[in-house]
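Below sits a lone chain in structure tokens, taken as the form predicted on its own.
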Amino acid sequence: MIKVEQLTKTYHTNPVLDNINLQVPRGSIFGLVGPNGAGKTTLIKLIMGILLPDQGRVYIDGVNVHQNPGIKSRVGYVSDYQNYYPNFRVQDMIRLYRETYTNWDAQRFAELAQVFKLPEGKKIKHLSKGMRAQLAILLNLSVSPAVLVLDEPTSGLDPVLRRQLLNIFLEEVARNETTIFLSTHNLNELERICDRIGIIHNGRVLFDESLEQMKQQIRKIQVAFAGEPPEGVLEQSTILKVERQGRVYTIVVRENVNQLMAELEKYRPLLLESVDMSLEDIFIYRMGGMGYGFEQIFTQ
């Protein structure tokens, strides 16, 4: 389990993180999203114990990371850029990890090596960004981590390999109850594998909720009436948007979805159904309700 309490970090006079509080239960996948410069990588480096906080604490399985560096032997870390020894060959890095980590799992390594198929005789400096990312993932999954921290792990990978990698993460959680903390700009990846999602912006966590909770709070309803809709029924405070195409109205609702559905049912509509929304659509309306534009958070 990862627990972050009142974490604050300032560079010179520039505040980067402001009183961050997060909790990631054991055996779950937490996705962190936010624009460049929001503080994602700084937060990850604090979780890993690479940076010291100005204030606050980070616990992994109840152990304070900054007071007990030995906990790192149970944590895998894939950074957004792998600064491995450039003149080492792939096989040298494999041997280094195997001899450094007491929990090295030779069987798991052999399984994953069949997926990534890296040239073990090739020097690190001659690997592409995508191949270095594959090597980092291969090594860090092979050390039997209790916690796996990933900063943009699929950057530089082709779509087929990205899909394989997401399946590997899901398998890792199911197989070993590994806790995964994942930072990415890719909302489709988050929607596919995460249990919980947080948005960080200007050094603060705007919200931190389960994916299921988010999908229940904002939904679309499609409804059609024989004539015009009853007066006032589409003007309630929980309705964020109404669009009309022919007789069909598409309504975006914030909270109390079932209550609105029950009220609409009273008017004997020709059509009434609740429709799932994509994670991107949910964020657009959720951020808009908090005074932020979608582009502010996800396109910088």
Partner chain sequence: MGLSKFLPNKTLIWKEWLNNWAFFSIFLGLVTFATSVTLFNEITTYLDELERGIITGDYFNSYAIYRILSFSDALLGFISVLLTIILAALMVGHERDHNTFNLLLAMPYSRRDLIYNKFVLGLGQVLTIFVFNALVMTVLVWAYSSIPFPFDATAIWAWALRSIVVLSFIFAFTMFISSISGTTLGNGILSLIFLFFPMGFPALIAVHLDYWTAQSAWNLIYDSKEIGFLLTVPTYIMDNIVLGHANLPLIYGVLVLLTGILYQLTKYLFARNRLENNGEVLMFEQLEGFFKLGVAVCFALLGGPLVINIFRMQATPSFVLISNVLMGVIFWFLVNWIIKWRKVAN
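In this text the structure is predicted, and so the values were computed from the model without any measurement. Residue numbers count along the first chain shown, from 1.
Just so it is clear, the following notes concern the form predicted together with its partner chain, a form of the same protein that is not shown.
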Legend entry - in the model of the complex, segment of 177 to 185, 201 to 209, 87 to 95, 218 to 226 with a heavy atom within 4.5 Å of its partner chain: 87 to 95
Legend entry - in the model of the complex, D54 touching its partner chain (heavy atom, 4.5 Å): yes
Inset, instruction - Answer yes if any heavy atom of W104 is within 4.5 Å of a heavy atom of its partner chain in the model of the complex; otherwise answer no. - result: no
Legend entry - Non-hydrogen atom contact N21 with its partner chain in the model of the complex at 4.5 angstroms: no
Inset, instruction - Would you check, heavy atoms only and a 4.5 Å threshold, whether K72 touches its partner chain in the model of the complex? - result: yes
Inset, instruction - Could you check which residue among I50, V248, V242, V63 gets a heavy atom within 4.5 Å of its partner chain in the model of the complex? - result: I50
Legend entry - Interface residue in the model of the complex among S155, T100, Q164, Q213, criterion: non-hydrogen atom within 4.5 angstroms of its partner chain: T100
Inset, instruction - Just give me the residues of 3 to 30, first to last, that have a heavy atom within 4.5 Å of its partner chain in the model of the complex. - result: K9, T10, Y11, H12
